[in-house]
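Take a look at this single chain in structure tokens; it is the form predicted on its own.
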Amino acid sequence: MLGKLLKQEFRATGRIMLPVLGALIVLAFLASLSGSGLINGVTDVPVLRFLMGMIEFLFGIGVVAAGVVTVVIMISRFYRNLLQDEGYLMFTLPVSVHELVWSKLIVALVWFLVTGIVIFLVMGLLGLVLSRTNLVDLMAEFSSDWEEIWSQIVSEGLLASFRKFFLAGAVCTLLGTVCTCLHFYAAMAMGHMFNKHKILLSIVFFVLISIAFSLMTTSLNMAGFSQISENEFLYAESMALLFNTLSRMLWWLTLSELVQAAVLYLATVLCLKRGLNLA
């Protein structure tokens, strides 16, 4: 049943996200053309230069808007489907509360990742254009130096350190995104346990959760980072040691995020199961 929920959720959110991301890609293409024209001085016509500048401005707005829309959809889908009138129907389906929460969480996570990748790619494209860098020449230069770089990485024992660092960074980023979603979900679920002022109480719970977890994260990270001496971090004798130290720091951050995610998930499920007030 989770698969059917995911299918419907992707279909509903895709109607908004796909046009938004498509518009961002089109704006990136137009911004790269206008940026190239401005750099090369293609035209001295004031009107055309103004239009090119507007395209660059709209691209910047589009990047911000794509991120904002993703967050708004993540919040609104949970709010409208589970906490408003649609909740009467959703909670009568032959699915568990866990499946309802996971369907929202997985879809939100996927869209966050897709949006992040698209923004990274379009910003990279624009950066190449504005820096007048030829991608083909860049790849050719990189390929010619790749053997030397690879041999240096292997000889210095950096490969294993790189793997540990990037794995820790990927897991930390992924779990941090999950925590962000669950933070909103838990606050909204708590706020909708009451009869009145549900949105206001949701905001209050959001702030209280933020304060509580900030204190917890600070304490946990201090306990973890205290095991890493200042000399070990600042005066690493090799790149391998530096990346290993950074990996350990990221894993401590991941541990704090894991604790947060578990607490927020349990709070969300329990509030939806036992305390939700749809009246």
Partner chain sequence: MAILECSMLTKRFGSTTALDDVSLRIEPGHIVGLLGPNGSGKTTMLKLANGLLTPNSGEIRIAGMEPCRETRRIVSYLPDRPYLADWMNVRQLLDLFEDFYTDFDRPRALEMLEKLHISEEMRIREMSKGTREKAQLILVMSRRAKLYLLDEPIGGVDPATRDYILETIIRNYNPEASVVISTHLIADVEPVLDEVVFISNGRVFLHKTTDEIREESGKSVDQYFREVFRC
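Residue numbers count along the first chain shown, from 1. Keep in mind that this is a model prediction, so the values were computed, not measured.
The form predicted together with its partner chain exists for this protein as well; it is not shown, and the discussion that follows is about that form.
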Worksheet, complete the sentence: Answer among 182-190, 162-170, 105-113, 87-95 for heavy atoms within 4.5 Å of its partner chain in the model of the complex: the stretch 87-95
Worksheet item: Does its partner chain get within 4.5 angstroms of any non-hydrogen atom of Ala12 in the model of the complex?
Response: yes
Worksheet item: For the stretch 1-27, which residues lie within 4.5 Å of its partner chain in the model of the complex by non-hydrogen atom distance?
Response: Met1, Lys4, Leu5, Lys7, Gln8, Arg11, Ala12, Arg15
